[in-house]
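In the block that follows, a single chain appears as structure tokens, in the form predicted on its own.
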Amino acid sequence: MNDVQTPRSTHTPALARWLGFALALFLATGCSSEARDVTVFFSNNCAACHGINLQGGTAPSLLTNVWTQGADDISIARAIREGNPTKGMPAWKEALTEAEIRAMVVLLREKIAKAQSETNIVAKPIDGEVVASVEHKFRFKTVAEKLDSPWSIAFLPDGRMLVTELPGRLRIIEQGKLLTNAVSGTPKVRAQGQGGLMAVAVHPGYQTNGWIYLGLSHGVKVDGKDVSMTAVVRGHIKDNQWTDEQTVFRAAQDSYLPKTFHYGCRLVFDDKGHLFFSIGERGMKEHAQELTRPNGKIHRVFDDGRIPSDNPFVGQSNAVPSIWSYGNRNPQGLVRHPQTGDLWETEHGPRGGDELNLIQRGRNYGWPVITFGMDYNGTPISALTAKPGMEQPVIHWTPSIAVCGMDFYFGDSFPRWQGNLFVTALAQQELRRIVLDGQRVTQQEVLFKNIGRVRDVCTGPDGLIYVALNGPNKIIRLEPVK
């Protein structure tokens, strides 16, 4: 796995014989057709030379970014596969499958990122502290505290903020104050695991129709077992009560699952009366490729739930007619560019391979046939990162940042952030600013880090940026500092 120039003197004939013996032993005892944890393989076969954290041993450190055979994923995979006999590194192509070689690349990316994170300095601000980013100085102000797992933010035209709490409550923040009582009468949810009351969105015509939309994990019992699936409803709020509820989307009951994760669930309107929403594959990888199932898809319906006749799979007896795209693992962010109309999506990869996608009609986004990640237990999922007929992400994050909600900024408070895409992350606890040139990412900046799991971001009518944090369970906003 040596992909850097190694001094000839570091690989003695004895070491070369030892490496050859290790390879022969592995081929005799450890090479099976079953997926293996590449972390164990690395520890047993690579760490002696490269160091368990890539800090180097008998071979130089791999943390210097000096990779003589190339530092891109393809070059690293080739180095693992073919080795470098002149430097004493064995070829692992007989010991590792192509899928395992891909997983090994992910492992190396994780180790490199971990080492870099220990030296990079990123703001971890507190209320009132000034942060100097590339384009703007800003400070935080806490808007609301003591929430219970805030999941989604939306604003009413009068400036009131709606916030969902995952256990099943809808809260209102009015004039900077969190109302004591949650909105009563909201739909019952299956609040287990990652499920609960998730997305909230306000209809573009709210001032005339008053519709508010909720995405949730809808639960039922089948044969005495609790099962659930993502559902969408709409209703009105009158005197702090949820009323006039209507079902916008509910899947066929035979598609409901007992698992309590990967619900996806973001809600986005276009300017033609359509509602887009996401459903994760619910932990069933193969379902994302099956058009007969709703999970692992982006859907499009009219705002009342009717199916548009120009949806890509309308009229096919073996397809759910609301499907707009498929092969999506766990879509956690969904937003429409207010100027171009492009639909952008972020989705969780497994261990590696979080994606930023441009969602287009009828396209297949590949999961789990292609992925830049591996499974959580260190075993591979696929050898393929690309395949004809399947879309590539605009970018992918490997290692995973656990990408979540996002929003385009077009406010007045931060003029040099106009048109930037703001993306949240759970595991890495960060807010990223992404600069786009059309449909191409040209720059990323981490604005802050490690103040909580960053669940959602939303531009307020005042032009300020509002962020939902899990962990401290509060809403904060970014305010400009001159």
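This one's a predicted model, so the numbers in the text were calculated from it and none came from an experiment. For every residue, the number given is its place in the sequence shown, counted from 1.
The same protein has a further form, the form predicted in complex with a small molecule, not shown here; the description that follows concerns it.
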In the model of the complex, residue 45 touching the small molecule (heavy atom, 4.5 Å):
yes
Partner contact for residue 104 in the model of the complex: the small molecule, 4.5 angstroms, heavy atom
yes
Within 4.5 Å, heavy atoms only: does residue 163 come near the small molecule in the model of the complex?
no
Is residue 55 a contact residue for the small molecule in the model of the complex, using a 4.5 Å heavy atom cut-off?
no
Exactly one of 256, 397, 324, 92 comes within 4.5 Å of the small molecule in the model of the complex through a heavy atom, and that residue is 92
Only one of 87, 336, 351, 236 gets a heavy atom within 4.5 Å of the small molecule in the model of the complex. Which one?
87
For the small molecule, considered in the model of the complex: do all three of 49, 68 and 108 come within 4.5 Å of it, counting heavy atoms only?
yes
From the candidate stretches 411-419, 424-432, 445-453, 59-67, select the single one in contact with the small molecule in the model of the complex, where contact means a heavy atom within 4.5 Å.
59-67
